[in-house]
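Just one chain is shown here, as structure tokens, and it is the form predicted on its own.
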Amino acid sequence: MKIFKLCLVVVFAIALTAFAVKTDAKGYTVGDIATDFSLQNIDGKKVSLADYKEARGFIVIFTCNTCPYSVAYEDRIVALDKKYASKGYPVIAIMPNDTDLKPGDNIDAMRARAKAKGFTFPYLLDEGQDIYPQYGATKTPHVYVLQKTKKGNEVKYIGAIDDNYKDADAVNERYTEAAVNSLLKGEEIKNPQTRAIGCSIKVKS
């Protein structure tokens, strides 16, 4: 009986650990090196950061179709890509939600949304929900600005796109733009981390 109880405790502990890795991982901090990924794009092809040979870095944004915060930021995300992709910092959008819980975020809905909004960047599905915990994303949208270095893709900024999700015309601080502009100028980023504002990422319990 004691051995049986011990086995149950071990199994329970392993289960808790697995759950913690899935949902409670701390993820990256500024200065960490981000590992690459290979995720399905809405065109059916796999996309990795390594595919972008000429990029100087990336604006990785965890976002989705169904969160009102993400919807409010869609035009600004498109604008970020149009402004910075040609300068070496393309947007890479990743949809992290469980699509059984949020059918409006499935690949067909992602494809339709991207077409309707004229997305100029890849819109990738984190189907196994393995990538967002690595990054430590907790919201949609949640931004990670990466810079290519000799060590790898270094995390240089984490947080919000700007300081006003409600009204693009009332924005005072454009955090993501400021971060990328600083990197382009070879300067230190004034605010390397801000608080992401948005919807929680949907994960099966």
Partner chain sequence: MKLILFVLSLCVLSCNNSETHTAKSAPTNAKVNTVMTSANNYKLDVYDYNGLAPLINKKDDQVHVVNFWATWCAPCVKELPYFEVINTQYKNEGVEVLLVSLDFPKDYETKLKSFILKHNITSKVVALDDTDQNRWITAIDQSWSGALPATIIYKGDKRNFYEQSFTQKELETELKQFLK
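Keep in mind it's a predicted model, so treat the numbers as computed, not measured. Positions refer to the first chain, counted from 1.
The next section is about a form of this same protein that is not shown, the form predicted in complex with the partner chain.
Undergrad: Select from the listed residues Tyr28, Tyr69, Phe37, Tyr52 the one whose heavy atoms reach within 4.5 Å of the partner chain in the model of the complex.
TA: Exactly one listed residue reaches within 4.5 Å, namely Tyr69.
Undergrad: Which residue among Lys148, Lys139, Lys156, Arg174 has a heavy atom within 4.5 angstroms of the partner chain in the model of the complex?
TA: Contact check passes for Lys139.
Undergrad: Does the partner chain, in the model of the complex, lie within 4.5 angstroms of each residue among Gly57, Asp81 and Lys87, using heavy atoms as the measure?
TA: Per the other structure, none of Gly57, Asp81 and Lys87 touch the partner chain.
Undergrad: Partner absent here, but in the model of the complex, which of 87-95, 117-125, 131-139, 104-112 has residues with a heavy atom within 4.5 Å of the partner chain?
TA: Comparing against the partner chain in the model of the complex, the contact stretch is 131-139.
Undergrad: Using heavy atoms and a 4.5 Å limit, would one call Thr194 a contact residue for the partner chain in the model of the complex?
TA: Yes, contact at 4.5 Å.
Undergrad: Would Asn41 count as a contact of the partner chain in the model of the complex, using a 4.5 angstroms cut-off between non-hydrogen atoms?
TA: Contact check for Asn41: no, nothing within 4.5 Å of the partner chain in the model of the complex.
Undergrad: So which residues in 155-176, when you check the partner chain in the model of the complex, have a heavy atom no farther than 4.5 Å from it?
TA: Stretch hits, in order: Asp163, Asn164, Tyr165, Lys166, Tyr175.
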